[in-house]
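Have a look below at one chain only, the form predicted alone, in structure tokens format.
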């Protein structure tokens, strides 16, 4: 049995399984739900097996077909990529179950038959990006992620969704162009696209800095960092609910993951303190601007979308906070932990918001009064997800923000510390604004459409995972340490 498990190349299966599922759900429409759920469970099992292997044996490198770099394709798995694969599997698993129960979407939309093939194709591309070991295949997977995401956003066929999808497509193509220009420059200069080889060859100089700048701008467009976020709120708010959840929890994290790879492991000698501070400043503005927009908007799904703009800002504080080696590992741990916390919480919050929209057939916040009486599970899920987004103990969001705050204070960077605290207060403002209507005791005269249990429980379980991750810290912290680009200390000093 042990020999059998050793012979299984789990990274390869993580791309083969969802791709096979996508093809089967496209070809066999009648059994789409069954095939999709079996595929989701198979991917989750494979990711857990791969995580166990990384925990026991450390970083793994695979050469597809025995042909390694520079001629062949290499896959690389360390703690960072394993965390992203686990997050994708967890959110993807519950999004898949929610998709089965999303009855309204299936009954009233001619494009619903394409949900499973596109969603599993997107899952394939996400796994491919988190596994690839070269910058060109990263470009290919980024393109696949973008195309699948755009198709999913426009799946409802409504004018608002199609407009949002078209804007998303144009921004994604522009981002890809910038990224590809950087790849071309690097290949012309170093004759390789393998990340490890580039990391050894590239020294500080005009070529790697120009390439990193071009690739960075492309990735910032795709991850929607302020002021390049304009495409995100309409795309996330108008997409079908399972798609909104996947986009906010996973898709915007993919370019951020690649930026971390390039910044910390491929071009560490080409980065500057000024560039790190600029990224941190844009992240800080995103926290404030996105939160203020969330406080003002009248639609629930749009509020959650603006919250994503704000919460993404925390991730970019990792760049200035890792400039000082004394607290670099704490900031690194905090940022990665926040990636997990936000993915789980925002995935659950979008599912909860979508369920409310489905039940009421509209999502104006002022019309949510007393909805907790009719949808107690969904209301509780929204509240739990909000606890993590606000950064309240004992959630994973609290641990992550505490680590970032600790790093900022240890570095004497009080400005970032104030932004972290202020962002938490603003998040509390827009979350409690919704909860004040949801748990209002006044009876509601609204007509509620029956909601399948498969649309309520996935949101609650994702939100619970965001809370439980605040208690179960040993395994995530061990994974964060494996292959970390800086000397490591524990999350909480």
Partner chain sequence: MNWSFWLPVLILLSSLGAGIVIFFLPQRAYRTRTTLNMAAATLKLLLVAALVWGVFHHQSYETRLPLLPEMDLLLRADTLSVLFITLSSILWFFTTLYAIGYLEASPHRSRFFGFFSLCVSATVGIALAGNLITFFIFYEMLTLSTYPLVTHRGTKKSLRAGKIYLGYTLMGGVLLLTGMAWLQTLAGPLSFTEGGLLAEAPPIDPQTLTIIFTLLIAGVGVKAALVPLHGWLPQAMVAPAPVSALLHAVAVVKAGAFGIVRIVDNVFGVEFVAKLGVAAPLAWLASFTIIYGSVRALFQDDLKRRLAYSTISQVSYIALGIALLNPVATIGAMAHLVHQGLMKITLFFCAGNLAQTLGIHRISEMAGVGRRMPWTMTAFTLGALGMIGVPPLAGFISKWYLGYGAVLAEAEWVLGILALSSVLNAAYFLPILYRAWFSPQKNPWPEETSRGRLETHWMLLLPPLITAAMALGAGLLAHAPFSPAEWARLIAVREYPSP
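Positions refer to the first chain, counted from 1. Values in this document were obtained by computation on a predicted structure and should not be read as measured data.
Another form, the form predicted in complex with the partner chain, is not on view; read the next lines as being about it.
For the residues 155, 251, 387, 284, the 4.5 Å heavy atom test against the partner chain in the model of the complex is passed only by 387. The partner is absent here; in the model of the complex, the one residue of 102, 121, 398, 231 having a heavy atom within 4.5 Å of the partner chain is 398.
The candidate spot formed by 209, 289 and 354 lies out of contact with the partner chain in the model of the complex, as no residue has a heavy atom within 4.5 Å of it. Stretch-level contact analysis of 23-31, 38-46, 53-61, 427-435 against the partner chain in the model of the complex, using heavy atoms and a 4.5 Å limit, identifies 427-435. For residue 181, no non-hydrogen atom is located within 4.5 Å of the partner chain in the model of the complex, even though that partner is not displayed. Proximity of residue 405 to the partner chain in the model of the complex falls within the 4.5 Å heavy atom cutoff. Using a 4.5 angstroms limit between non-hydrogen atoms, residue 439 touches the partner chain in the model of the complex. In the model of the complex, residue 372 approaches the partner chain with a heavy atom inside 4.5 Å.
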